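Next up: a single chain in structure tokens, the form predicted on its own.
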Amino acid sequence: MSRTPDAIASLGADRVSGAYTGHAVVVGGSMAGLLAARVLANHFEQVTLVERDALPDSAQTRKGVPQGHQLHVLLPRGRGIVERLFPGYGQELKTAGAVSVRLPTDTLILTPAGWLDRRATGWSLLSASRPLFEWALRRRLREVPGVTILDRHDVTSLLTSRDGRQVIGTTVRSLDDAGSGHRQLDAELVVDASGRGSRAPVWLSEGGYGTPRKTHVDPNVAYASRIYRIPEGFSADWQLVMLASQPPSIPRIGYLFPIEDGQWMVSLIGAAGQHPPTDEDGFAAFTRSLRHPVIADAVATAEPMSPIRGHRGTANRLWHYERMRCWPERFVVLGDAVCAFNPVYGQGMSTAALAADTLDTCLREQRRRRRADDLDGLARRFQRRLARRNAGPWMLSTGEDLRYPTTTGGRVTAVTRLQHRYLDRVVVATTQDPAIADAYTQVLGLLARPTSLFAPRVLAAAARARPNGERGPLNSAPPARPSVPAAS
């Protein structure tokens, strides 16, 4: 898609002065790819996003996002980045039906130690289906000058310079016209955001760059989700419910989130092989087996609006691209193609936003350091910086998953056991002290690093806390929402 000078000028104040000329290619049209393409539009004259799926013009699930029927959440750190890239994105979601929820004031969160203190200041999130989150981004991206979305096309290989020093483009083929063959897309930068199915490890190996190391931590988790219509006249002092597991004895989790069109999405999650069934009776029985009956009671009279849909393939997987000795210039990998999490912690879309933000920062720094057409050193610096930004979410996800003795791929060390014992005390404190609950929720929202839980006031509260030793279902009534939110 070519652009006139007027169209280039209309991109707005975010465009970097003296940005790179030429063309950038993004592989993959999911959240990470959409956000990366928007960043690149600030730096390159043309951006082409290539996606295998046919991308719908409405909020519909699609084959390339098999987890699209399951629960998703955009945490506040991620939402802030998306709002900077697409001003008004949150309001657009709310107009389309997304529900604004204050956590924990408007929520019931049953931690392994009891109910999280609802007096914490917390933060707001928008709750919606994954297709709505993605559609709103895709619609906005289509309006950005210079961006072309090429759906129903597959990237088949990377093109490299004769000396193999840098990537100079990709080859693509149409999935609708088998006779069209392959064509070349020249590019000054190629971004792989193609998710768990990324072929980057194969491309790098075949190109002679070596094979990246991979860390794989699998707690053997599976999902089953269903959408219900909220019963007419339903009233409660909460909007959202999260019933955590209690490892290792109770590896079952239940979430109830409000989404668009006056509906709830209920997601049941089982680790350590205790997977939620996808038949009617089994799904209902699993819901009743959770540590509190609040979700089961809420949906007892609710009308199902969708089939029960299961999902697996949820292991934590990290490719260590930052450690490779040989790396081609002008090629970067981000999103789930680098670091994919057990989705139970809700970090996926937000870490995709963090990756896009990291790419933007690296491109801006590169522009200040070098000539406008010089991208040397960018790719390796980006992969190393991205690895550091992924470290906190990875620690949170895998550290908790290692509480299950059946988890594979990770090793429980003496340090891990000490961390678990300490965090057990922190979680107890979150049920008794709104300040500690707030510190904890800041970490959950990616607004603070996990290391912030070792601040002096948290250490003191943890020292005072005593785990209650509860190991069975908790039937006590959840705390009422405070009439006046706690002051910050």
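Sequential numbering from 1, following the sequence displayed. Since this is a predicted model, take the numbers as computed values, not measurements.
Not on display, but discussed next: the form predicted in complex with a small molecule.
No member of the trio A120, D433 and P479 reaches the small molecule in the predicted bound form with any non-hydrogen atom inside 4.5 Å.
Judged by heavy atoms within 4.5 Å of the small molecule in the predicted bound form, the contact stretch among the candidates 447-455, 416-424, 57-65, 39-47 is 57-65.
Using a 4.5 Å cutoff between non-hydrogen atoms, G114 does not count as a contact of the small molecule in the predicted bound form. Using a 4.5 Å cutoff between non-hydrogen atoms, P258 does not count as a contact of the small molecule in the predicted bound form. Contact annotation: D336 falls within 4.5 Å of the small molecule in the predicted bound form, judged by heavy atom distances.
In the predicted bound form, the small molecule sits beyond 4.5 Å of every heavy atom of L189. The contact residue chosen from G254, P104, G348, P219 relative to the small molecule in the predicted bound form is G348, the criterion being a non-hydrogen atom within 4.5 angstroms.
Only one of P343, P393, P76, P131 lies close to the small molecule in the predicted bound form, with a heavy atom inside 4.5 Å, and it is P343.
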